[in-house]
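As a starting point, one isolated chain is supplied in structure tokens, in the form predicted alone.
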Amino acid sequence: MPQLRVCALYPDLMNIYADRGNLLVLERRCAWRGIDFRLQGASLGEEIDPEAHDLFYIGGGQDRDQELCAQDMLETKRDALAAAADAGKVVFGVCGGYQLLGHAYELGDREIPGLGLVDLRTVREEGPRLIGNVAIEVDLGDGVQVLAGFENHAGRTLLGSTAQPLGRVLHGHGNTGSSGFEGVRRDNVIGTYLHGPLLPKNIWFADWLIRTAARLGSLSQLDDRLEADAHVLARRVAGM
């Protein structure tokens, strides 16, 4: 039986944007296909085994909780996550989890070190928070598709010279409000500001994560009429 082993980092602290909804989508779509789904949490002070999981998930949190988790990641989890990324495992960060994938992010007048898995840095600049419905154009190898979600961030995430964006902004702000790009992708390490949660509205992306993390060539088809309606609505409210 195929298997998907997911490690959710700090599920008690990094869950401000209903991130558990993403995990529930993965669990249900695996169950409907007969894929053995295993979910394990790793919180403060707990080390992780890069070989024990196929997908590592980092959600978003409030500033205080995110700073606490960032410090713990550096102390107990950074080397394991780097090893997992180098081995082709999926590392998926949303909003605050996305910021933590980079070199550092600014919090007030301080700079908080990140994991350094991707070449980016998040800074604070003059101007309003970047809030609203957003849609981006993405190509993960199966042709161009659309991710639709919601963004709410004060930070501006600047991609370095070796970083590739996850997608091109069709509507909304994206990484900085002016770059025209959103998120980051380095092989199977992916970060995005899109939440709300993201996967129920973009079931094609949930299936890409399952297929890639579980290393399956293909997935059986499901009756996704309700999911397709949710995607259409998410695109519509994002101005498409």
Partner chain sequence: MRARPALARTVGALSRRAGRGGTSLPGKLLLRMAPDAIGRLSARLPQGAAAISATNGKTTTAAMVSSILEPTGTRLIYNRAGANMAGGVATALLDARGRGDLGLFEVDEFWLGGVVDQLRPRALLLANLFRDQLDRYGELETIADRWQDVVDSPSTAQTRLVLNADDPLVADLGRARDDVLYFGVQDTSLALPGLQHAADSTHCRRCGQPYVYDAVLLGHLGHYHCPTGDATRPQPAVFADAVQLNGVRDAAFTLTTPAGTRRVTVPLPGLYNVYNALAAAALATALGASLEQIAAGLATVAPAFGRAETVHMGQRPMTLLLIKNPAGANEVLRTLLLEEGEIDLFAVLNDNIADGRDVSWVWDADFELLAERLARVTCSGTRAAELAVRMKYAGVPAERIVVVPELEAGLDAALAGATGPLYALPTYTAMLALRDLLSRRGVARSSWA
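Residue numbers count along the first chain shown, from 1. These figures come from a predicted structure and were not determined experimentally.
Missing here is the form predicted in complex with the partner chain; even so, the following discussion is about that form.
Participant: Pick from R38, H171, R28, R185: which has a non-hydrogen atom within 4.5 Å of the partner chain in the model of the complex?
Facilitator: Among R38, H171, R28, R185, a heavy atom within 4.5 Å of the partner chain in the model of the complex occurs only for R28.
Participant: Is there a heavy atom of I131 lying 4.5 Å or less from a heavy atom of the partner chain in the model of the complex?
Facilitator: Heavy-atom contact with the partner chain at 4.5 Å: present for I131.
Participant: Hey, in the model of the complex, does Y10 get a heavy atom within 4.5 angstroms of the partner chain?
Facilitator: Y10 lies outside the contact set for the partner chain.
Participant: Would you please decide whether L233 lies within 4.5 angstroms of the partner chain in the model of the complex, comparing each non-hydrogen atom pair?
Facilitator: Contact check for L233: yes, within 4.5 Å of the partner chain in the model of the complex.
Participant: Indicate whether the partner chain has at least one heavy atom within 4.5 Å of a heavy atom of L216 in the model of the complex.
Facilitator: Outside the cut-off, so no.
Participant: Just one of 108 to 116, 150 to 158, 71 to 79, 163 to 171 has heavy atoms within 4.5 Å of the partner chain in the model of the complex; which?
Facilitator: In the other structure, the partner sits against 150 to 158.
Participant: Does any residue in 55 to 79 get within 4.5 Å of the partner chain in the model of the complex, counting heavy atoms only, and if so which ones?
Facilitator: Residues within 4.5 Å: G61, Q62, D63, R64, L68.
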